[in-house]
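In the block that follows, a single chain appears as structure tokens, in the form predicted alone.
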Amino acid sequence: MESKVILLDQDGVVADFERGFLACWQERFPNRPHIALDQRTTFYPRDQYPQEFRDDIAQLVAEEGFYLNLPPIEGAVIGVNQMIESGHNVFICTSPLLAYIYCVPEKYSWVERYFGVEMVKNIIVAKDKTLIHGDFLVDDRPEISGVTHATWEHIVFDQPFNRHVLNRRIQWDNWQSILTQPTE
């Protein structure tokens, strides 16, 4: 297999933002409605929850410990390590919150916790991922845009809220077959 530059989004691809958010939401607001993971239809939870909860959602995800305590997505740790062992150049390419005070350092600590200090050298923090060069960007965001034409192919990491997207799709149990088949 030819070595590729693989850019992996952090939240929703290796770190389970959805599961972490839902657990925090239910713990903090046990009497409020919640949306089950398989019922999520929008990229941002704030867009699917009632309008009156938007400030609480923003505060919850900006709090100290939120990003640090996200669980890994099932199969992500093994999958990322397999990519590296296969000779690929793997980078975590993540977008921070604008309320970044805890978000950015916790993303670094999270990567070190699950992938080791060597992988911390391969973190790219960018609001505009089109500026980053690579062969593939694996991201759960349905559409990616920016100031330039991306050099990478957007491979959608499968989540309930992005099933309408027609791009090639990936999960951790099929990454090898998806990233080695030719682009149509």
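Residues carry their position along the shown sequence, with the first being 1. Since the structure is predicted, the reported quantities are computational estimates derived from the model, not experimental observations.
Although not depicted, the form predicted in complex with another copy of the chain is the subject of the following passage.
- This chain is displayed without another copy of the chain, yet in the model of the complex the stretch 130-138 from 40-48, 27-35, 130-138, 59-67 comes within 4.5 Å of it by heavy atoms.
- Of the candidates P105, P71, G75, G87, P105 is the one whose heavy atoms come within 4.5 Å of another copy of the chain in the model of the complex; the others do not.
- The three marked residues, V14, I170 and L179, fail to reach another copy of the chain in the model of the complex, with no heavy atom of any inside 4.5 Å.
- When another copy of the chain is considered in the model of the complex, F91 lines it closely, a heavy atom lying within 4.5 Å.
- Proximity of S109 to another copy of the chain in the model of the complex falls within the 4.5 Å heavy atom cutoff.
- Under a 4.5 angstroms non-hydrogen atom cutoff, another copy of the chain in the model of the complex lacks S145 among its neighbouring residues.
- In the model of the complex, no heavy atom of V156 sits within 4.5 Å of another copy of the chain.
- In the model of the complex, another copy of the chain lies within 4.5 angstroms of at least one heavy atom of each of the following residues of 109-126: S109, E112, V117, V120, K121, I123, I124, V125, A126, in sequence order.
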